[in-house]
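A lone chain, given as structure tokens: the form predicted alone.
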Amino acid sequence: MSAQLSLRVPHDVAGLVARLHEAGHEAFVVGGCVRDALRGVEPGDWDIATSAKPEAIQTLFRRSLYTNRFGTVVVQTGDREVEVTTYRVESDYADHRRPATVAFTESLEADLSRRDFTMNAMAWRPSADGGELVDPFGGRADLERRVLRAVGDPGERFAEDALRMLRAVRFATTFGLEIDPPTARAIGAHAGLAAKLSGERIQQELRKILAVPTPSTGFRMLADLGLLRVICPELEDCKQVPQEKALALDVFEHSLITLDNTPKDDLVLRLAGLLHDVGKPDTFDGGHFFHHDVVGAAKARNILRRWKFSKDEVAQVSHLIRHHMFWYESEWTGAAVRRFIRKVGLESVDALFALRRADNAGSNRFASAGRMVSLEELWQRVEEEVHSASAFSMSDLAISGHDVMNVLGVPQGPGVGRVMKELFERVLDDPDLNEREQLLALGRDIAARG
């Protein structure tokens, strides 16, 4: 018993635990919800472990569904869905991810011993007199010491499930923990097993790492533990490549500084910041990185596809990387600014400037100062053009291809596109031309020239 400890468990969840006890079964809330409650964080989900078999759980709770062979019954309380799982032990992780054999057990401690980290291997039984914490592996003390430690033999835990190594980095990054040295050494020894992980699983962990205020911590940890070489050799290769404009020692460090300077809540920009210079190792000629934006866009596309990011996310990130090396001179005309907007796409302008600002933050401060002045001057001019309602795509023109065919009599085919394209170029040079009657008159002349 723990007289000095009390965890607040929602009434409906505590009711499920009490009902199982009244029926003669052990029952505890377990895992991440106990960990989060001890950290003073409201758990997102509540899970229960019990000695009751799935059939007995369903008998007690009519609003339930037995979901899998692992003994998990989902119980609907009215307020939430709660996973109620029979105590179990697992073995024969043939693919280093899923157990081939699952057996039910009567022992809570045996159930907790199969879990990944001590902070996730705790259980709490709510009761009227406060409750009971079961903590056979010292998870509470590890949390207080801010240490992440594997349950039992860390090598065995990671050989069972390779995803646990990425979870270790994610937990350490998001909770601000140090990885226990034996646990860290075991990750290094088993890092190669991460090659067996699916892209979807890797993506899920990386999304959470990228969402923390300083995600560079997680990526340095991945590199130090040998995991980055396995899941993203392209980024690992950026180490030791000198960064020509660097505060950072190499391209890898520059990329991490850029990453940290992107907005926390924008996944696309975070990915673009991380991968924006991934083309540099392949284009380094001893002093320059010619076309590293083109090479980097292609490599980023391959990396993100491998990690199973959505087509839209892949397209946005690779587009930003492809265009992040834009240049500007004060002598640009208004038409040149409008052509720049057209080239990068009006929908991408804000993100592209945010990426460039983050990129400059990781550069030599003297060189960066001039770049920032130039960048902000271009940004001001872009804003002026956007506010003036200029046309940045053919869909912004005051006439359409149907008008070219129906009003000007141009037959359907390449001639319509030729007229529209020339009209668009004329409007880029002079936005005042973007009026229906003017465009129709210009279109007649263009069509007459054939």
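All residue numbers are counted from 1 along the displayed sequence. What you are looking at is a predicted structure, and each value in this text was computed from that prediction instead of being measured.
Not on display, but discussed next: the form predicted together with ligand ATP.
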* Please run the contact check for residue 234 against ligand ATP in the predicted bound form: heavy atoms, 4.5 angstroms, yes or no? => no
* Going by a heavy atom distance of 4.5 Å, is residue 283 a contact of ligand ATP in the predicted bound form? -> no
* With the partner left out of view, is residue 381 within 4.5 angstroms of ligand ATP in the predicted bound form by any non-hydrogen atom? -> no
* Would residue 54 count as touching ligand ATP in the predicted bound form under a 4.5 Å heavy atom rule? -> no
* Structure fact -> From 338, 164, 254, 324: within 4.5 Å of ligand ATP in the predicted bound form by heavy atoms is 164
* Asked: Exactly one of 260, 180, 142, 116 has a non-hydrogen atom within 4.5 Å of ligand ATP in the predicted bound form; which residue is it?
  -> 116
* Structure fact -> Assert contact_stretch over 181-189, 262-270, 168-176, 130-138 against ligand ATP in the predicted bound form, heavy atom within 4.5 Å, equals 168-176
* **Interface residues of 208-227 toward ligand ATP, as seen in the predicted bound form [heavy atoms, 4.5 Å]** => 208
